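Next comes just one chain, in structure tokens: the form predicted on its own.
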Amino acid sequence: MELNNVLFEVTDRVARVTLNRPEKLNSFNEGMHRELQQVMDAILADDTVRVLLLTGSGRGFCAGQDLDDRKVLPGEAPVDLGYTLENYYNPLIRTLSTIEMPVICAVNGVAAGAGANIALACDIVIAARSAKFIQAFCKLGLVPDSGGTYILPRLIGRARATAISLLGTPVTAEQALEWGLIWDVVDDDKLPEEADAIAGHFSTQPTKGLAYIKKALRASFDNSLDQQLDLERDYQRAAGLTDDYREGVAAFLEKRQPKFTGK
């Protein structure tokens, strides 16, 4: 796999993916999209991976779409932005939302446009204190995409989601934490260490059970209570059949640390 715009490594059951166009604040062009698709396919095919850690290089996480890659010049035909969403952003959001392992995003700087919504599609978002989240679409006459209109109101409510989408007002890391948009804020120099600690924790946990937790929580927004109770029953039945459940019970009874395999 030849990568120029993305850094990728798997160590100790942790897949580390770094958006790597720092001179462009890691904004997306077609090349980075294609490389990230290759990386995600490799992660999905590797049954040793137990957790995904996503971050950016340089002083920003991701500034969204590289407008030089989708610019409209006078006299030229308009660009089909729907094609870009259908073939690149939407598959990425679907993968991040459904992948059967914890996904951590370490937001190391500005996260704007699609970059903000890609971060917020992850399971646990930890941000550097200098980070900002910006729904920049309104400044271009566009609509929040990459799941923004779905994720934002579910995380922070309709009033705040509407205001930041219509105004494009930057949300600081501290505000994001206070509003429940993200999990935690740490000093900039502590971000890699804190993100690695969370990833290291998940690399030893019952991955299959965590996947059922993720699925159940996401389904709860669309289910009735009766439907959710039935779903909990079904997932609990499946989780109870895993090797990790047997190991967890055995470790508890034997008063030792469990050795989960993720199966």
Ligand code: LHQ
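Everything numeric here is computed off the predicted structure, so don't read it as measured data. Position 1 is the first residue in the sequence shown; the rest follow in order.
Here the subject shifts to the form predicted together with this ligand, a form of this protein not shown in this document.
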State the residue from Ser97, Thr84, Ser130, Thr149 whose non-hydrogen atoms include one within 4.5 Å of this ligand in the model of the complex. Thr84
Heavy atom within 4.5 Å of this ligand in the model of the complex: which of Leu120, Ala173, Val110, Ile164 fits that? Just give me the one. Val110
Three residues, Leu155, Arg160 and Ala219; all within 4.5 Å of this ligand in the model of the complex via heavy atoms? no
Select, from the options 55-63, 36-44, 202-210, 222-230, the stretch whose residues sit within 4.5 angstroms of this ligand in the model of the complex by heavy atom distance. 55-63
Proximity of Val186 to this ligand in the model of the complex, heavy atoms at 4.5 Å: no
When the contact criterion is heavy atoms within 4.5 Å, does Ala114 count as touching this ligand in the model of the complex? yes
Since only the chain is shown here, I'm wondering whether Leu67 would be in contact with this ligand in the model of the complex (any heavy atom pair within 4.5 Å). yes
Report yes if any heavy atom of Leu25 sits within 4.5 Å of a heavy atom of this ligand in the model of the complex; otherwise report no. yes
This ligand in the model of the complex - contacting residues of 124-151, heavy atom within 4.5 Å: Ile134, Ala136, Phe137, Leu140, Leu142, Asp145
